[in-house]
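Shown next as structure tokens: one chain only, the form predicted alone.
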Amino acid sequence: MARFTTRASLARLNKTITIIGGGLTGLSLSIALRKHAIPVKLHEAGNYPRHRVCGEFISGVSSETLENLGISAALSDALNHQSVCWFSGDQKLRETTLQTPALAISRFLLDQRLYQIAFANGVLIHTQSRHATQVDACGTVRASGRIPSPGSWIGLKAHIKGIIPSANLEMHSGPIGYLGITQVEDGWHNACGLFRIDRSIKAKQEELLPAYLRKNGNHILADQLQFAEWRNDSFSAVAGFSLGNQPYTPNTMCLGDSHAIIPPFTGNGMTMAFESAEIALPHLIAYAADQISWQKACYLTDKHLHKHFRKRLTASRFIHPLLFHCASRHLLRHAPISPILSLLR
């Protein structure tokens, strides 16, 4: 990777980095860039705080990455989760323990904290802003999440109270999808699932989540959610995306979900958001210091993103379809978890 440039040399430069998208990648990258005195403008289409479709389960991120980005404080009180319980339909298959605890915190809280850190460090933030500049313009980073495309998936999420999971993370699978439940702050549990779109389901808004669970054979969980307390405005839905590497545009720096979307069962999506910001950071610093061109910065970032994420994206692509078949019950019940997880980190 490119070598970091000193503050002294950057102080003589005024190149501004424009970031489109104020989610985990955009906010953490903006904070890291400001640590190196680089001017940053960030455009976020929504407001803070807000709920997003997200598992809110951070598995595999290193403390070094969080320190390099300057965001450790925002995650200092995140819950530590280690126990996992798998279900297929209404049948409990197994319990297991993660070798390294995962972090759990809602995007509603984490995005707000990162926004406050970024603002306090001089990031010029425009909310409710859909930046009109071309994404291939020099110094413009795309971190705006999924690239809209035809897809067969729908993601659904809500915060609920009134259920008592049997583990820190419950995973419920079936023939059309899967859903994870994990506790976040203030006693809320995040219920977030990925399902194949089923046009026969006529439910709308909050009713979609239990409706998809019933279609998936998760009847007991659907009943629990139906009668649980739902956090106001926490229900979110997203569709129109494809998993895996996203379409590449030359001379465009795409990070986070704009670069690649990993299936959510891995618990690795939030980690990849942070890691992609960390990977891009030295190349953006070198560009701001006039050490490399924008084209070179984009090329090097994309190259290192592919190298860093190749193994976990490839492994998830092969494992993901298995979760939808009857044979997955045997896999989930008997397969050694640690070697599988090592492929996804």
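Note that residue numbering begins at 1 and tracks the sequence as displayed. Owing to the predicted nature of the structure, the values given are computational and were not obtained by experimental measurement.
Omitted from view is the form predicted together with a small molecule, to which the following refers.
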Heavy atoms within 4.5 Å of the small molecule in the predicted bound form: does Cys54 have any?
-> yes
Please run the contact check for Arg312 against the small molecule in the predicted bound form: heavy atoms, 4.5 angstroms, yes or no?
-> no
Quick one: does Leu221 come within 4.5 Å of the small molecule in the predicted bound form, counting heavy atoms only?
-> no
Does any heavy atom of Pro210 come within 4.5 Å of a heavy atom of the small molecule in the predicted bound form?
-> no
Pick from Val123, Ile71, Cys192, Ala102: which residue has any heavy atom within 4.5 angstroms of the small molecule in the predicted bound form?
-> Cys192
So which of Gln226, Ser152, Ser129, Gln91 gets a non-hydrogen atom within 4.5 Å of the small molecule in the predicted bound form?
-> Ser129
Counting only non-hydrogen atoms, which stretch in 316-324, 279-287, 292-300, 22-30 is within 4.5 Å of the small molecule in the predicted bound form?
-> 22-30
Output flag, Arg107, Asn268 and Thr271 jointly within 4.5 Å of the small molecule in the predicted bound form, heavy atom basis = yes
